[in-house]
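Just one chain follows, in the form predicted alone, and it is written as structure tokens.
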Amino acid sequence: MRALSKGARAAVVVAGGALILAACGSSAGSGKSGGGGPSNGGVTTVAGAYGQLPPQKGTPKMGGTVSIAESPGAGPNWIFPVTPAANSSVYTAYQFQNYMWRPMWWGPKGDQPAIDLSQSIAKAPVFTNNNKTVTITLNPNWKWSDGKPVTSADAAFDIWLTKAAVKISPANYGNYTPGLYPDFITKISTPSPTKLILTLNKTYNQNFDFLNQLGLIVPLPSHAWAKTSANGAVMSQAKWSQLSNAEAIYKFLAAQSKDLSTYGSNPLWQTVDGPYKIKSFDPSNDGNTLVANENYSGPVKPHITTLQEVPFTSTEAEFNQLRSGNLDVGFVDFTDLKQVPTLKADGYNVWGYPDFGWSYVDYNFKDQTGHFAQIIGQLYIRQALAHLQDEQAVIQSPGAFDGAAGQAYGPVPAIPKSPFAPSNALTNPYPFSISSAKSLLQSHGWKVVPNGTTTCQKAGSGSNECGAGIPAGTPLSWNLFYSNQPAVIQAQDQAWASNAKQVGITMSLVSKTFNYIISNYSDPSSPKNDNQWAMEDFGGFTNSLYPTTNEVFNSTGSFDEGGFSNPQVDKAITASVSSLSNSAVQHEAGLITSLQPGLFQPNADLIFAWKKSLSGPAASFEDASQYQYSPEYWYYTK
């Protein structure tokens, strides 16, 4: 799972791996085309999409440079594909690493949460021995940029390096949940260059195995990277498959990855199997340039020879560059939707669709400041907070989504369509109601002072009392850190805080960059800061294709930012992981929706603009809505 920056969203794993941190929201609804909201100049006829995709056109020509906007404050900052939790974002994985190193299985398939085997290094895995043996067959024609084949040993090399990383520290791998990948692999066999056989420690749900865990495998060039120093000898497979040696290799590669200034000059990073390779990287702002891998062996060789990832300090600065024609591909923030007609007239296509994931305000269940941990530990408090969010008003507000979003109430959205959506994905269990929130607080012993300060009047753990550990006189007052980009995050949180004030709840809003929040306000990776934050809104997560939240709401999850722990949820997640029933993950998502471990927010359309002179198959632009880019399919027309 990877963190995304939502509205732009913050997420982490490709091709059916785990979750990814994202920066700002995906939306619920259905369909691929529609009016997109009032500022699009028409009535929305199909929920979920903004605008319409143009057809592929023109005769491709070779060459050219495409400039692509980076999300402000959330550029890539780690090149080695074994990525620590603090660096795990879609911007690092999907929009940087994946250009150079392809995951074993590629996804999404356009804008749909599915594996695209036609673009994958391996065929679908074959499960035998009650799902405890997994046989993976690689494409024999997939090559590294130096001409050597991508082999089963390279896939095994990645697994061993990941095992080494988490042995040193669980924080070294953002998708790590103890006991799961890579821990659950007890034997790794490579009987041939194209055959990888994995033995697992027990039976797992096949969908979970394939669409969530094994999708984390990213073959790495063992023939170039299996060493412990720049000039050291390359180890044999027999040596690097010993954990102690794998640890030494990992430490070397991780140290190299920390040196951002050498990304363009370090020969390590020039051995790739993706369509592009790094040429230069600016550590001061994360801007970078990539060039086409002339030996790319994927289904389509790149037409575009150079990619320039352009950093920005704000969405305003980024949009100004679109308006001036200086950007080829960029995003359109909700604050700029009214200018879309002008942008189109200036020569851009504009289209958006929801990401398969969720946006939310994360609660910190370990923050002892003002007894917040005890307060937020009460389900009725979380229910009251959910009642205070007016999703429909935020969605329609010109200051927020301006119609280009849909209601969402839990970790699995209604669109993109997934067979794993729970029944309560479309019905709000806690509809907006100031009176309902007030009633919940009063019935549990709080003296509600509208637009003042509500305090605990009846301390105790009885059904009509505030709850265990909450002293009499405790106020409902805490901080809420939110990502300063995009502006829609602030608009949502301000509206919510304003509603909360009507029942005497005070939320003190503080803005930070996306990277700052995910690096500093995470209970698992930054425990020293447990008492520094009560709530955070960095955006949300992009789901794996099998949307269990084992890395987020599991008590031991690596992305359990706020230390949420619930035995029922842990049990449901265990069933999603180990049960052979597809309905297990639906039950899990429905339970989490009802328990509200965070405030689930509207899911926004991820809206992109690209020059009309740039074309390609529709799917290569559709996947931008899932934070993925496929520039190897793009071309300028003759």
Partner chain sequence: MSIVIGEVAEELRPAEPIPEGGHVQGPRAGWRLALSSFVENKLAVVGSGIVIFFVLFCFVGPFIYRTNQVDTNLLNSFQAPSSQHWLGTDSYGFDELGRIMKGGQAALEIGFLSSAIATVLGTLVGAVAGLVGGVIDGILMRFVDILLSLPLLFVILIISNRYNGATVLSLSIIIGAFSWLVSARLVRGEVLSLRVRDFVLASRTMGANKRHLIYKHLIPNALGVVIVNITFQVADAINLLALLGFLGYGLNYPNVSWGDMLSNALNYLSDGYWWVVYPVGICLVLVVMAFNFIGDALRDTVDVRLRRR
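Take the two forms, superpose them, and find the largest set of C-alpha atoms that agree within 1.5 Å; that set is the rigid core. Predicted model only: the values in this text are computed from it and were never measured. Positions refer to the first chain, counted from 1.
The same protein has a further form, the form predicted in complex with its partner chain, not shown here; the description that follows concerns it.
Interface residue among Thr137, Gln321, Ser498, Thr228 relative to its partner chain in the model of the complex, by the heavy atom within 4.5 Å criterion: Ser498. Proximity to its partner chain in the model of the complex, defined as a heavy atom within 4.5 Å, holds among Gln457, Gln206, Ser555, Gln339 only for Gln339. Partner contact region in the model of the complex: 487-495, out of 140-148, 411-419, 161-169, 487-495, criterion any non-hydrogen atom within 4.5 Å of its partner chain. Using a 4.5 Å cutoff between non-hydrogen atoms, Asn451 counts as a contact of its partner chain in the model of the complex. In the model of the complex, its partner chain sits beyond 4.5 Å of every heavy atom of Ile185. Although the partner is absent from this view, Tyr521 contacts its partner chain in the model of the complex, with a non-hydrogen atom inside 4.5 angstroms. In the model of the complex, its partner chain stays beyond 4.5 Å of every heavy atom belonging to Leu343.
For the stretch 360-374, the set of residues having any non-hydrogen atom within 4.5 angstroms of its partner chain in the model of the complex is empty. Core-superposed comparison between the shown form and the other one: the CA of Lys512 exceeds or equals a 2 Å shift. The Cα shift for Pro354 between the shown form and the other one, taken after rigid core superposition, is smaller than 2 angstroms. Once both forms are fitted on their core, the CA shift for Gln206 between the shown form and the other one remains under 2 Å.
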